[in-house]
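Next comes just one chain, in structure tokens: the form predicted alone.
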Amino acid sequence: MSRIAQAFEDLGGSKEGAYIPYVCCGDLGTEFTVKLVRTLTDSGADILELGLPFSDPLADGPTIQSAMVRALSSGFRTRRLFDTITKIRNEGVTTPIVVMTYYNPIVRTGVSEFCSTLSTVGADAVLAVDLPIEESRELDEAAADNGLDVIRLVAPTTDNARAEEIMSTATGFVYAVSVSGVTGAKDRLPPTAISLLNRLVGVDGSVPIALGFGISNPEQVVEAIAAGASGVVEGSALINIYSESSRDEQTLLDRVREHSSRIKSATKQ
């Protein structure tokens, strides 16, 4: 059993959903990334999603795009991702790590090398957001060879037959996209999120389902868990908190801690 699968099993036993915060690696510097991860895990994060900055992030909205631009402008490149995960593990963080990326950096690194290095530094899964299942065989095999889960996306526009196919090939968990479009914090869950969860929950042989794209407050989390989600992914709302340049670093981290603690508390049934 992978660490991600174990995390969901443990949470299910205690009737909790998973809190999965997204962190854009290298935004405001690698050392800040490590501090941010430490803050999130101390606040109850169950799984971490580390985003690899990419120059053409088509699935991401303005907030995450801006974070990626800041990271890339400071010189962050794929190799620094591996160094960052090493630093996180050296800090004593044992929380499962999912690396979210577009497929181009994987191909440029070499699929086998990318997965092998991820495994070596202590990552647990890879999510290539722009890679359809029809073209994912090479990544699937390399990930399996290195003990990595492959996380897949299901969107409101995905029909039932394809959703079942995606869920049958995913490992770790399935990332349910709440809306058609890009990432970005929202005040409430759209109807498409609930209808998607209703379609996915109970699919035979399915892995846990984590809802993302728009999560920003405890009320959304409660609604998502009640609708059958096994967890939630939050990204843009966190970036909005820590990217207020007028605040000192510790104040920003304290605000992240307060916010993420509230989100995690909302996952408890």
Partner chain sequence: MTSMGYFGRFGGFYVPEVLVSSLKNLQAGYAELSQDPTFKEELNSLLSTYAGRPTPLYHAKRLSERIGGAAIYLKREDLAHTGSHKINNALGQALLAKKMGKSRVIAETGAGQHGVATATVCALLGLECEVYMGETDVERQRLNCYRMELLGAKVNVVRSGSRTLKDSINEAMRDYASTSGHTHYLIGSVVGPHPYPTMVRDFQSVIGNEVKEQMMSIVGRLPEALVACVGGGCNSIGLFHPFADDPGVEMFGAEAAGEGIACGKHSASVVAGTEGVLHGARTLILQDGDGQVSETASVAAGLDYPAVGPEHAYLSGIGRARYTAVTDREAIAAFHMLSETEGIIPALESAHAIHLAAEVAGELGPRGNLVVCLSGRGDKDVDQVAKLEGIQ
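Numbering follows the first chain given and starts at 1. Keep in mind the model is a prediction, meaning the values are calculated, not measured.
This protein has a second form, the form predicted together with its partner chain, left out of what is shown; the following refers to that one.
The stretch that touches its partner chain in the predicted bound form, counting heavy atoms within 4.5 Å, is 129-137, out of 189-197, 129-137, 116-124, 83-91. In the predicted bound form, its partner chain sits within 4.5 Å of a heavy atom of F54. For A59, a non-hydrogen atom is located within 4.5 Å of its partner chain in the predicted bound form, even though that partner is not displayed. Using a 4.5 Å cutoff between non-hydrogen atoms, T78 counts as a contact of its partner chain in the predicted bound form. Among residues of the shown chain, T30 is not one whose heavy atoms approach its partner chain to within 4.5 Å in the predicted bound form.
Annotated contacts: R38, L48 and S74 are all free of its partner chain in the predicted bound form [non-hydrogen atom within 4.5 angstroms]. In the predicted bound form, Y103, N104, P105, V107, R108 are the residues of 99-123 with at least one heavy atom within 4.5 Å of its partner chain, listed from first to last.
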